[in-house]
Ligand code: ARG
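Next up is one chain by itself, shown in structure tokens, the form predicted alone.
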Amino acid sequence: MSQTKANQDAVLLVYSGGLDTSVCIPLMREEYGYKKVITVTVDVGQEHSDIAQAAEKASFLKTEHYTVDAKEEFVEKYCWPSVKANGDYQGYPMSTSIARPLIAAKAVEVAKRLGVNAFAHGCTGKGNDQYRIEFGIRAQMPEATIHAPVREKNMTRTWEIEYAQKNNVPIQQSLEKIWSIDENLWGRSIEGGRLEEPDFAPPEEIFQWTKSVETSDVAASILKVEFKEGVPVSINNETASPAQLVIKLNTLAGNHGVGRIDIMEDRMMGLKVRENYECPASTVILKAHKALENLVLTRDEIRFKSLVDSEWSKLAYEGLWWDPFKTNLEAFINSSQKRVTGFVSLKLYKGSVTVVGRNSPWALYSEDLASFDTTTFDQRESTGSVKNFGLQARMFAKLLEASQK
């Protein structure tokens, strides 16, 4: 891309409004020499106040700021594919990882429109997001220059807070409450400070989407989720746009304390880290989706798809959204989802979500064949197959016994 001198003096910062990205603004000017800092915040379902605060901070710090509303696109083109693949990493629904490719893509769209090819981000050198963001940018704009000040200057969170205070950068963190929060419609992650200690009980103040078991609704709720070709289309017979459906379910499930996850996670760098997640809607939807798959897919489809889902989740966790292997895996996944249509009923109560019913026109279930009180299935015909079952194992046992005499 040909660049004017003015555009060569500009850098586009992928901006969340948090501590890491906020300190990058003065750093880009003072230490990287850019005359113009452009900030882009991509709305993938953060709190509205966070989006507004990011814009206010950008204005205060005198950047050229853009906000991109991508909530519907995020759910339809990123969350729904994850549902089809039962997207999960080490026991939690992936949320941050599947949002990063979209954030990178939207940042590149703005950069191309403005004629800029220099980028900056606030990812650390220890985390996963540096891979996801930089791959996403380079996949869309191979010639891009990318700066990672936090990584390149080996910053600590304490140094960043002190730098922000010295440079009049407005931040919410303090040395006492040093939480780092990432949020989108599919999940909310909280880390940092004492939360990094594996044996530290997280304080209730870090949670916003879910009630505790003690304060959650006292009466259970029965929820019905309708799927069409692998993705949710209604809740309790009420349709909504993809984003609004997830927002509604986040509230319903969060009121029952569903979706709190506290795990030790293995990052791409090989580091084990303690993570806290809130993911009410995604927890419910993935549970319902898998229940419906178990009703309509064949035994071998389920067995093989579990392997495909695992490979898909690894690629998604690493942010490799445009990897051809992912496209290949999705060819099988999407083929399997054509029959994943129907309803799943779930019970929400005191932090738990339990499947209590499922129904589909593609159900591979026959009450007549499965019931103990029918003679349609002639049990006598099983005699031969049962007699020969495990034949080689029995032959081996006989040979082993003979060899030990």
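Values in this document were obtained by computation on a predicted structure and should not be read as measured data. Residues carry their position along the shown sequence, with the first being 1.
There is another form of this protein, the form predicted together with ligand ARG, and it is not shown here; the text below is about that form.
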Original post:
Even though ligand ARG is not shown here, does it sit in the predicted complex so that 86, 186 and 282 each have a heavy atom within 4.5 Å?
Top reply: no
Original post:
Out of 140, 313, 130, 180, which one falls within 4.5 Å of ligand ARG in the predicted complex, going by heavy atoms?
Top reply: 180
**OP:** Check each of 73, 226, 309, 265 and return the one that places a heavy atom within 4.5 angstroms of ligand ARG in the predicted complex.
**Re:** 265
**OP:** Would you please decide whether residue 191 lies within 4.5 angstroms of ligand ARG in the predicted complex, comparing each non-hydrogen atom pair?
**Re:** yes
Original post:
Is residue 97 a contact residue for ligand ARG in the predicted complex, using a 4.5 Å heavy atom cut-off?
Top reply: yes
**OP:** Look up in the predicted complex whether residue 277 has a non-hydrogen atom within 4.5 angstroms of ligand ARG, and give yes or no.
**Re:** yes
Original post:
Just to confirm, residue 135 within 4.5 Å of ligand ARG in the predicted complex by heavy atoms?
Top reply: no
Original post:
When ligand ARG is placed as it is in the predicted complex, which of 163 to 171, 227 to 235, 321 to 329, 89 to 97 ends up with heavy atoms within 4.5 Å of it?
Top reply: 89 to 97
